[in-house]
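Heads up, the chain below is alone and in the form predicted on its own; it's given as structure tokens.
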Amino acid sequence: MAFLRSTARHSTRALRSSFTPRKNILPRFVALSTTTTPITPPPRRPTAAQNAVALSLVVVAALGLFLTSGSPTVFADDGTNHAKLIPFQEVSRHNKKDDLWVVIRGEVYNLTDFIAIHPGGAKVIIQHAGKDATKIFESIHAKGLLESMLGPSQHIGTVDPATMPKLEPELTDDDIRMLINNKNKPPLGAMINLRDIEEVAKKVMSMKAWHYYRSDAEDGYTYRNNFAALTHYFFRPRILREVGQVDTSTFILGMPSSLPIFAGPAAMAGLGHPDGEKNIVRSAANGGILYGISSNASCSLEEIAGARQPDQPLIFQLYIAKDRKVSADVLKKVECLGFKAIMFTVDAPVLGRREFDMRTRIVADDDEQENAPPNSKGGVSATIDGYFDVDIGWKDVEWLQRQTKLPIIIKGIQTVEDCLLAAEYPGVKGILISNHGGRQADYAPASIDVLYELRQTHPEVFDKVEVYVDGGFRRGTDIVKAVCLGAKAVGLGRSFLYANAAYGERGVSKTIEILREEIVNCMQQIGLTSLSQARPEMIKYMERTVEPPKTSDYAQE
């Protein structure tokens, strides 16, 4: 009952006569070194243009962040004798497009037939033909993905470790920048709000990883409007409400949460920290909140499930694959691992034009840039594009209801009309109003505006399903606004990725505690002692608004 005890602990803390002062919170975190002594950049040799993904991998090795490789991947027995070790010299001979082997985690794979269907393009695979591709693979893909994509016949055998070459990594300008910024970053205790943590993350992450996390669609109007729209909703505070005791706890689909927030299913946490989603799942348990696991997580489902507390509830985000059997098998695995709900993502039938990410196209030279097809989006996102079905429809909600008895949350609703449709399906217990963090359609509406419209025009929907929102929420005050308008909880994605990249597990926990402080303070300021007292009449929409703060969230980068 560790997770339940954590939730109860945070609820009890919130009920004290005054909120726990920061001086009692900060000692939980070990402050990092604040030395500003400059470091001498390590020697570099001039290099040719390198693959964008490989840049971050080198610095990860330099920082000593990557975990040591686990046990070799072993496919189901296909009758092939893999007992004999393969010399690396033999692997290196298979270095052409029509005869291509690679080493991944000590295992040798034949990718000759896979090149044509690789969503990230052929070039990145060809660049590593006849080489050890472990680091570049694990920086992008979860550990279980390879086995699901390749057949047993494509597993050649195990490489002889004694024959593996020893490579000395070369540091790029971006590597050196990261090393210096990691050395001199401020201590965690100096972080006052979520934007502070984001600014640190931008400095310590590789540009490839930052562009993937931060990327938005085209000109970024949806992304920036997510923040701007929240500034139009003001409180109507009530006074003399005896706010000495405040309860921030709630239930999400019957699962307890110490706060009206959850960690949303943001992909590839491993780009920021080698422990990836495991850091977030551990911090979510300690903070008493729920976590939605991305289909494109850096860690495997087994790794994530293994990192959770015994009774910690998790939600799985599902993209439906072109081959429905693949999705059906995933659902069975998720149920066997004890996940408690399915979050069906519907706002990404095709990949949005995420131009920040596209600028880090996974290619090595100008020639590849010029010859890339016009619809090639490139970047990290391209490595996960193409696995999922473009032609999903409402019929697939019916299909999903037949595949699982777990409660379904439809994620990515952007209009009141679709809220009404989703609420009619018996298996749908929740709807998440979301524009994918501004990463899909530019000029999509802000989630807070759709929530407000739904409350104004069809309040009965809130009695049929639980309603959640995400997109642009960085303050406890904005979370309380959404709760007043009827949202059961608010999802945050990028904020937890940034915290994980900047400070690891401690940064994620710090993010939760900052939000806890802000939510409690806001409730006390406007006269709430529990979330059940939040009402729409406590919110007023204002046509005029104030100038937003000048931070990277609002600036066109």
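Note that residue numbering follows the sequence shown and begins at 1. It should be emphasised that the depicted structure is a prediction, and the values quoted were computed from it without experimental measurement.
There is also a form predicted together with a small molecule; it is not shown, and the following applies to it.
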*Is it the case that I197, H273 and A502 all touch the small molecule in the model of the complex, with a non-hydrogen atom of each within 4.5 angstroms?*
no
*Counting only non-hydrogen atoms, which stretch in 324-332, 303-311, 414-422, 205-213 is within 4.5 Å of the small molecule in the model of the complex?*
205-213
*Pick from Y233, Y452, Y319, F339: which residue has any heavy atom within 4.5 angstroms of the small molecule in the model of the complex?*
Y319
_I need to confirm a contact call. Of T158, N296, T250, T404, which residue comes within 4.5 Å of the small molecule in the model of the complex, counting heavy atoms only?_
N296
*Just to confirm, A266 within 4.5 Å of the small molecule in the model of the complex by heavy atoms?*
yes
*Heavy atoms within 4.5 Å of the small molecule in the model of the complex: does G507 have any?*
no
*Does G437 make contact with the small molecule in the model of the complex, using a 4.5 Å heavy atom cut-off?*
yes
*Are any of the heavy atoms in K488 no more than 4.5 Å from a heavy atom of the small molecule in the model of the complex?*
no
